[in-house]
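One chain comes next, on its own, written out as structure tokens in the form predicted on its own.
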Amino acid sequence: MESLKKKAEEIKSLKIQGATDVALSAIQFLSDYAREFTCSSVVDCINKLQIGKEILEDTRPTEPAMQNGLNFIMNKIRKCQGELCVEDVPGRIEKYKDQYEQLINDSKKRIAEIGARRIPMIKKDANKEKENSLHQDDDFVVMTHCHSSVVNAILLKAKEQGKNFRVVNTETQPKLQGRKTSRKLSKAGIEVIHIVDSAMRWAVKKYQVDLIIIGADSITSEGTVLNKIGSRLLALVAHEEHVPFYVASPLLKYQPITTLGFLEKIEMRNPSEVWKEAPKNVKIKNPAFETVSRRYIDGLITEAGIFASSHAHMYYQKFYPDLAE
């Protein structure tokens, strides 16, 4: 149990970042935990797994991809518990963990293929002078916010296809997750313009951004998206400047309990992330996420295709009926 709590702290402290990476790490930690404990019966094993699941879920309340993954494993193991003995449990957990990981990887690959089609193939003219213009016909500009492995997959796929574009990316205060995106894209040979969060509107106008794509940490039944704080600001800028605004996300980030009236939580993180030695009478608030209304989202890019975010529930039920139960 202590080993699991220590690993869970890696998620809570943001040592592990990005909704997809958090989900994959959580199911791996649960699988590792299943190999560590001893139990007297299969029911006892399931009870201990449930405790481990709750410890992992408590690390990040706004992470349905993680919650869906843990539920996927627990639902599977409960359905087949009658045919198992105690010794079988760790192996089954590992099997279901691998199945969920495959679902995530397959969805990311499919989203990358679909999303990359939104970036046009424009041939560069080597004879053109670019000094006098920030945007020419051979210069497509994509903007993103924070770090999303799914958005990165789209951009890397487009680069692999030989498409010419630049990326404007935010640093993403206070933990600077945007640097992770900038490093990964620049390493792949993509030109990245890295800006402070408060320069969003300036950058959209300055670089004549053609397309904005962000990731998602959660999608509700109403089509509202929760993502890193600053996402709604960027959506409003896109609306004001008439720039297409897309959210790229596996349907596994859909939060099914929102259909029952439950509201998705906004995680409030440690104030010390913002200011470690703030004056005594200064109160620091550090919300990790904010909502983006469906009216500002031109389309949700998923493994099922591109559609209005309000249709997420329908496609989630269709693609993942075991989780929709």
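This one's a predicted model, so the numbers in the text were calculated from it and none came from an experiment. Don't overthink the numbering: it's just position in the shown sequence, from 1.
Note that the form predicted in complex with a small molecule isn't included here; everything after this is about it.
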If we take heavy atoms and a 4.5 Å cut-off, which stretch out of 145 to 153, 72 to 80, 86 to 94, 237 to 245 is in contact with the small molecule in the predicted complex?
145 to 153
Would the small molecule be touched by all three of Pro61, Met66 and Tyr254 in the predicted complex, meaning a heavy atom each within 4.5 Å?
no
Is Ile306 near the small molecule? Define near as a heavy atom within 4.5 Å, in the predicted complex.
no
Taking heavy atoms and a 4.5 Å cut-off, does Tyr33 contact the small molecule in the predicted complex?
no
Against the small molecule in the predicted complex, would Ile219 count as a contact residue? Criterion: heavy atoms within 4.5 Å.
no
Is Gln17 near the small molecule? Define near as a heavy atom within 4.5 Å, in the predicted complex.
yes
